[in-house]
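In the form predicted alone, a lone chain appears below as structure tokens.
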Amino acid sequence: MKNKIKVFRAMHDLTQEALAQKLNVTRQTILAIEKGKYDPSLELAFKIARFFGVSVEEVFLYD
């Protein structure tokens, strides 16, 4: 699944590590999601969207 996490991170001036800490996951998890190698759980997807103050559909693109 494609996503815009990297774009939202840049807009909020966050590193992968900083975002991972705020979401209580590892940096490797953020990296894998950004590269499309791992699809987050529904709970984590909502947590990411809520953190950035946007809808899940704005962060994750179903292809």
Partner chain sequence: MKQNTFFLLAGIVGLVEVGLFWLSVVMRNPLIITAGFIMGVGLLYVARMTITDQREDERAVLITQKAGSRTLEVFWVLFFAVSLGSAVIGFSTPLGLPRPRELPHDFPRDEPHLGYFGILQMILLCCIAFLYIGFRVYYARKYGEWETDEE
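Positions refer to the first chain, counted from 1. Source: prediction; values computed, not measured.
From this point on, the text means the form predicted in complex with its partner chain, which you will not see here.
Contact check for Lys6, Thr29 and Glu34: all three have a heavy atom within 4.5 Å of its partner chain in the predicted bound form. When its partner chain is considered in the predicted bound form, Ser55 lies well away from it, no heavy atom lying within 4.5 Å.
Of the heavy atoms in Ala49, none are within 4.5 Å of its partner chain in the predicted bound form.
Shown here without its partner chain, the chain has Lys6, Arg9, Thr15, Gln16, Glu17, Ala20 in 1 to 20 lying with a heavy atom within 4.5 Å of that partner in the predicted bound form.
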